[in-house]
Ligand SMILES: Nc1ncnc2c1ncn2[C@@H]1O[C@H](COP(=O)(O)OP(=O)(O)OP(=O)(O)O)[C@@H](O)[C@H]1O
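One chain comes next, on its own, written out as structure tokens in the form predicted on its own.
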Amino acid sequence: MVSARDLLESVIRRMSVFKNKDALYPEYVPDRLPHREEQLKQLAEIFRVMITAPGTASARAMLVGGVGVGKTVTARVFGNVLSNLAREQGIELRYIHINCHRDRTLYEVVAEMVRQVGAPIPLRGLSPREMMLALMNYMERHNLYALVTLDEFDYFVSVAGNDAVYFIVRLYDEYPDAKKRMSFVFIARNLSSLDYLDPATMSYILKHVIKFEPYRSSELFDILADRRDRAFHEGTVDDDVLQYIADTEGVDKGGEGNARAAIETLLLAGEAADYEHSHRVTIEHVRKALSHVHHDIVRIADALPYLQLHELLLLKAIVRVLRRKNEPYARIGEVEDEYRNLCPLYGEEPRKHTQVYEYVNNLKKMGIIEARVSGKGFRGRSTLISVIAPLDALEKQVDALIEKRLSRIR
């Protein structure tokens, strides 16, 4: 009988098809972006003033497009390169990236700006306006500049409201004599969420709109080839494997044009090859990966890391109730009961009903769940909750994030 040590060593020492799996993870920021060169050029035109005449103007750009079309990674690459170019010119430019799924209010956004700049400003007891003024004074004293990206900006608009958006985008109207040390990139999936903003605020946001179209099959192939060269040992992934994935996801082939889903498929195919002790990734490995890459899971996976612990616990409760009932919807009362039973298992005190209801609304706004008021076919009125994504895959990710949150607390 094989000992546990021998078994583990055989797995750990086994040759892998990967040389750098990190290059396939969503948070990876490459140094080149195939088929997003035009968007990078547009950003350079808009924000060149930060290098050529720093402090004379506050520039703004809006990046718009669906899931997995490269908005976030383009902003990150641009911000990193711009800050490096500025430093070479003797300009201290910080790139700040804020995800508004996590930082949902004006207070949280400004506090995160303070944190990422590294300004020693005590946040407790200060209003967003006071924090911003203190940050501007700090940047003036230390001759700093910042390019601030507000990712998932449409979510910030819906949660924080018009006044908060106005404060951000018309910042230098409040302080006309201040040197323009901050410029902004806004990222949104579509522009419809901005419709209720007042015209003055809207015009400031939409002055420079950069569109991101879904990727075609040929474009996805180039992206996958670039990631393959970074992530896999040479000779382990043939072009026909990449073409198969690209044709599955390419918008011109009936797919969604989602590069993130394509890269996730390549990652899972590589892991399937490793699991089978194969020295090459095959089409069959891709087929197995595609059975696990559900587009809703890929989309939702981007939002999950920004959930609070109790939002994750509530989401786990939703999954458990839906699985147990084997029905498309669960009543909020059933979910709340399950949530109250779950919390003690994790050493947590359940939140009150009003807070739970707020969590449900947040999960709905983020597109993680569906929630509606019951109608015909249901006794009484209740909020009905559903999840589009596969329950097992979703619960696995939720469990991992809950453990991460709890390990930080402990």
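Don't overthink the numbering: it's just position in the shown sequence, from 1. Source: prediction; values computed, not measured.
This protein has a second form, the form predicted in complex with the named molecule, left out of what is shown; the following refers to that one.
Taking 259, 300, 241, 113 one by one, only a single residue has any non-hydrogen atom within 4.5 Å of the named molecule in the predicted bound form, and it is 259.
For the options 62, 33, 342, 366, the one in contact with the named molecule in the predicted bound form, meaning a heavy atom within 4.5 Å, is 33. In short, of 322 to 330, 265 to 273, 222 to 230, 122 to 130 it is 222 to 230 that has heavy atoms within 4.5 Å of the named molecule in the predicted bound form. Residue contact with the named molecule in the predicted bound form: residue 86 places no heavy atom within 4.5 Å of it. For residue 26, a non-hydrogen atom is located within 4.5 Å of the named molecule in the predicted bound form, even though that partner is not displayed.
A residue is said to contact a partner when one of its heavy atoms sits within 4.5 Å of a partner heavy atom; residue 189 meets this definition for the named molecule in the predicted bound form. Put simply, residue 159 is far from the named molecule in the predicted bound form: not one heavy atom of it is within 4.5 Å. Contact annotation for 69 to 85: residues with any non-hydrogen atom within 4.5 angstroms of the named molecule in the predicted bound form are 69, 70, 71, 72, 73, listed in sequence order.
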